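First, one chain by itself in structure tokens, the form predicted alone.
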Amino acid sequence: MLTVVKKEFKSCFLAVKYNIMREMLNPVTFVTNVLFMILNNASFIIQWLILYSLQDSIGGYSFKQVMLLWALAATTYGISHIIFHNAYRLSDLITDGKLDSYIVQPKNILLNVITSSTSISAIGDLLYGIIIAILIGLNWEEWLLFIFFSITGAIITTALAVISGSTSFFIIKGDMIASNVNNLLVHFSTYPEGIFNRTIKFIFYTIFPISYIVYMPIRIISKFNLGLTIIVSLVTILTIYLSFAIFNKGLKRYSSSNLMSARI
């Protein structure tokens, strides 16, 4: 069992490594994409500076907490899209019948699919998040929690992308569901939790578990709580299980496009 897990991790690592190396063949484009993403994210700091010049708290969040929210959201997005970028294209691959070349390989099909491409601009998101975390002055304990929740957040985000993308196995317009879910994740994860009403918050903790990606981790980093940390960990494990279960069930319904393509 451990040998199989080790083999899969090694396969994923190599896939990400070669994806990034392939993108770096054009260094100008590579650096430009990364820098422009950092600048694009940094522009939103001006918006929050203006808002906090008018009042001390927004949705119960201080300026430092909002910056921590952005840092965590950015690193979560960055890790997910660097390593598992194809999770966000899963619906198109299913609809177009392009899973053939993955199915015939002696690897875990889902991991093989979602690690087969990377987003270079996401490196800019990752670097931006780290820079913000440095600027707000996290101590070493907060850094450990920040890294931990960046990883759990990336896993939950990826798992949700897989689950929503896998709907294309079952319904024709599954790509619309996947697109909306992914967009909502990005949109809501950068605003303080307190600005939303009780109904929205309930959805965030149940149907659409965005709270376990950013809101609960922010609370834990600000004031450590072992119980909440365990809850986030359990939700992470649950979403992993659901993503594999739903994808594998849907795979039984998959129809090939008969495209003869190869992955190198």
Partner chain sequence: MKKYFSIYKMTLLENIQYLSNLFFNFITFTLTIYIFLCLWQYMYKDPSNLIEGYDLTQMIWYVLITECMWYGNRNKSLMESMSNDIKSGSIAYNLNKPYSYLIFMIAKHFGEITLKFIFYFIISIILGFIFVGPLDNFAFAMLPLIIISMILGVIINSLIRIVISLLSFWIEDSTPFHWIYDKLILVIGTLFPVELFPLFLQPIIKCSPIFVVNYGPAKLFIDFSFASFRTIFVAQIIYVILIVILATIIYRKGVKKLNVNGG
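Numbering follows the first chain given and starts at 1. These figures come from a predicted structure and were not determined experimentally.
Note that the form predicted together with the partner chain isn't included here; everything after this is about it.
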Contact check for 11, 86 and 130 against the partner chain in the predicted complex, heavy atom at 4.5 Å: no
- line: Note: exactly one of 104, 176, 134, 151 sits with a heavy atom within 4.5 Å of the partner chain in the predicted complex, namely 176
message: Counting any non-hydrogen atom inside 4.5 Å, which residue from 233, 225, 62, 32 sits next to the partner chain in the predicted complex?
response: 32
- request: Although the partner chain is absent from this view, report whether residue 144 comes within 4.5 Å of it in the predicted complex, heavy atoms only.
  value: no
- prompt: Hey, in the predicted complex, does residue 39 get a heavy atom within 4.5 angstroms of the partner chain?
  reply: yes
- request: Answer with yes or no whether residue 44 is in contact with the partner chain in the predicted complex, where contact means some heavy atom within 4.5 Å.
  value: yes
query: Quick one: does residue 194 come within 4.5 Å of the partner chain in the predicted complex, counting heavy atoms only?
result: yes
message: Looking at heavy atoms inside 4.5 Å, which stretch does the partner chain contact in the predicted complex, given the options 157 to 165, 74 to 82, 108 to 116, 178 to 186?
response: 178 to 186
- request: Can you tell me which bits of 50 to 65 touch the partner chain in the predicted complex, meaning any heavy atom within 4.5 Å?
  value: 50, 51, 54, 55, 57, 58, 59, 60
